[in-house]
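Heads up, the chain below is alone and in the form predicted alone; it's given as structure tokens.
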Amino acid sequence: MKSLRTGVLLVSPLLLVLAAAFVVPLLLLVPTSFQEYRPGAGIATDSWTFANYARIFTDEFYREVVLRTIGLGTAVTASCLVLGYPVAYLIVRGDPRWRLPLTLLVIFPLMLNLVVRSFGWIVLLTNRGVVNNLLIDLGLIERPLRLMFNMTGLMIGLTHIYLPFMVLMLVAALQNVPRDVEAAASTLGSSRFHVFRAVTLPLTAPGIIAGSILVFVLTISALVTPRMLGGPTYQVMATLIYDEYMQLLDWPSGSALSFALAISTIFIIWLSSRMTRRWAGLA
């Protein structure tokens, strides 16, 4: 009991800072989300309505944006996991001489500004960009592919931006897997693939869970890259919330969308964590 009390006291300052910076502002949005917005008159402070939340489920445009955001988060998370696991495995289990160069290659993009990286992808993916010009010059396509202002451009850009986070999480998890356990499985006659599937992969489940949750949350809350690669018409929830607040001045709808995004994120994180931990045999 004494150690528990000591631990609570140690993390209390951090919890207070997090509560003041994140929880309190979110809770302050709740009353606004139940008020009515009247065009030309502003927020009706004497009103109380559920219409802002009902619109998220009944309006086809809002429903499409919500589903698109969740689908984008899931797809980017899966892409980062598929691409990041071999890179992390190579860093940890590959030739030690390549460990530092590979780690620097993974970390280097994090040192560049997010806007600069997004502009770089615009140069590559636009209709007359590097990718389309190269494909046309090689004779593989006749007309430019549409790689921007759709799901393809967002997936490519966000996967590149958030891949380092997944790799770093998986590197930490792989470093904690005892080599003796894998060696024992190999000694008993298991193939390398079976050792990886039955031993290495489950033991790295905490890293997979942490990396997937981190990438998913960062993706569905991303604003700059979806705005630059998706344009003003291809909306996700973060850009829609920004437009509701800053352009339409509809704070009640923006607050309802913000609160819905936070709640759905917490639920998906809890559900995915439960499913993955059960798969890994940790629950």
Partner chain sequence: MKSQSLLAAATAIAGVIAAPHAATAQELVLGSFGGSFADNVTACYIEPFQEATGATVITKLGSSAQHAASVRATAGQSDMDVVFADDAFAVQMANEGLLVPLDRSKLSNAPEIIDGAWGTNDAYVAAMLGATTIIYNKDTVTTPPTSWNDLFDPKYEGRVTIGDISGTTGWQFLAAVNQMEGGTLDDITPGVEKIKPLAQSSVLLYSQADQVVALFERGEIDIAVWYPDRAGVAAKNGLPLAAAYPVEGAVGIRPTIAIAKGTSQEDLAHKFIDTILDADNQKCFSERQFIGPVNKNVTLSDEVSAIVPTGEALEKMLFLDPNDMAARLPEWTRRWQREVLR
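Since the structure is predicted, the reported quantities are computational estimates derived from the model, not experimental observations. Positions refer to the first chain, counted from 1.
Unshown form predicted together with its partner chain; subsequent notes refer to it.
Its partner chain is not shown here, but in the predicted bound form it comes within 4.5 Å of a heavy atom of S253. At least one heavy atom of L240 is located within 4.5 Å of its partner chain in the predicted bound form. By the criterion of a heavy atom within 4.5 Å, T126 is counted among the residues contacting its partner chain in the predicted bound form. For the chain shown alone, F50 is not a contact residue for its partner chain in the predicted bound form, no non-hydrogen atom being within 4.5 angstroms. This chain is displayed without its partner chain, yet in the predicted bound form the stretch 138 to 146 from 198 to 206, 103 to 111, 138 to 146, 79 to 87 comes within 4.5 Å of it by heavy atoms.
The partner is absent here; in the predicted bound form, the one residue of A54, L248, L67, L28 having a heavy atom within 4.5 Å of its partner chain is L248. Taking a 4.5 Å heavy atom cutoff to its partner chain in the predicted bound form, the contacting residues in 54 to 70 are R55, D59, E60, F61, Y62, E64.
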